[in-house]
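The chain below stands alone, shown as structure tokens; this is the form predicted alone.
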């Protein structure tokens, strides 16, 4: 597949995710936050296209490409962090897609892309964090908010993959890097399986709910605590047990309203849905 088509798949994945509604707690076409709106996500998705196309042509430089994506996103909108976590997943996937000789090799190629990362990639991710101004979990060592971490990374010779290994136990996006994007590919399969019967909007909503019911969202854990993340997952699971989307749609809307009032947004789950949508589109999904 040509680089411009791969980049379009990534861009469309970002647009489809933010448009899907109701997606409890997250911005969509029906809901905004006080300082970040639906159109900020649209602008980010449009503005980042050149970086995505460059990534599809690149053999290295994951960290600098993530940072460039953050810079371009910020250049096109002033709503703050919209896609930082998504870029961490999308950039290696887009690079892997650019290496593929067929659509079936994406999983093997993305494992290779992340394992080939360098110390420079790790440093660039930390710089990207400063650009994105995203909330992260406080840690004792090598915290993303700690300016001295870059020097420690260089001194210890830590690659970006090795940094993800450190964060694997408490960050679901890091966990994807270490475990071959396993849950991301599962989300892709779920969306593909559901899109014919339900259409793309509901396929995304159901997959989001299923993912949320099975995984404690990192962003919720960071903003609140693990107990809150667990509670949100259990609430999603109870709703899903009531029946299919046509039965539970109003319950999902009520759940959405509750989370928005509480300021609870499962942002990391949304990032994985974006990456799953990219895989589905790259592998030929139409809707």
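These figures come from a predicted structure and were not determined experimentally. Residue numbers count along the first chain shown, from 1.
In what follows, reference is made to the form predicted in complex with a further copy of the same chain, a form of this protein that is not presented.
Engineer: Based on heavy atom distances of at most 4.5 Å to a further copy of the same chain in the predicted bound form, which listed stretch, 217-225, 251-259, 47-55, 233-241, is the contact stretch?
Structural biologist: Selected range: 47-55.
Engineer: Residue-level contact is defined here as any heavy atom of the residue lying within 4.5 Å of a further copy of the same chain in the predicted bound form; does residue 200 satisfy this criterion?
Structural biologist: Yes, contact at 4.5 Å.
Engineer: Would residue 229 show up as a contact with a further copy of the same chain in the predicted bound form if we use heavy atoms at 4.5 Å?
Structural biologist: Residue-level check for residue 229: no, no contact with a further copy of the same chain.
Engineer: Given that the partner is absent here, does residue 264 sit within 4.5 Å of a further copy of the same chain in the predicted bound form, heavy atoms only?
Structural biologist: Answer no; every heavy atom of residue 264 is more than 4.5 Å from a further copy of the same chain in the predicted bound form.
Engineer: Whether residue 170 contacts a further copy of the same chain in the predicted bound form should be assessed with a 4.5 Å heavy atom distance threshold; does it?
Structural biologist: Heavy-atom contact with a further copy of the same chain at 4.5 Å: absent for residue 170.
Engineer: Using heavy atoms and a 4.5 Å cut-off, decide whether 16, 72 and 286 all contact a further copy of the same chain in the predicted bound form.
Structural biologist: Verified in the predicted bound form; spot residues all in contact, yes.
Engineer: Sequence order please: the residues of 12-48 with a heavy atom within 4.5 Å of a further copy of the same chain in the predicted bound form.
Structural biologist: Those in contact are 12, 15, 16, 19, 29, 30, 38, 39, 40, 42, 43, 46, 47.
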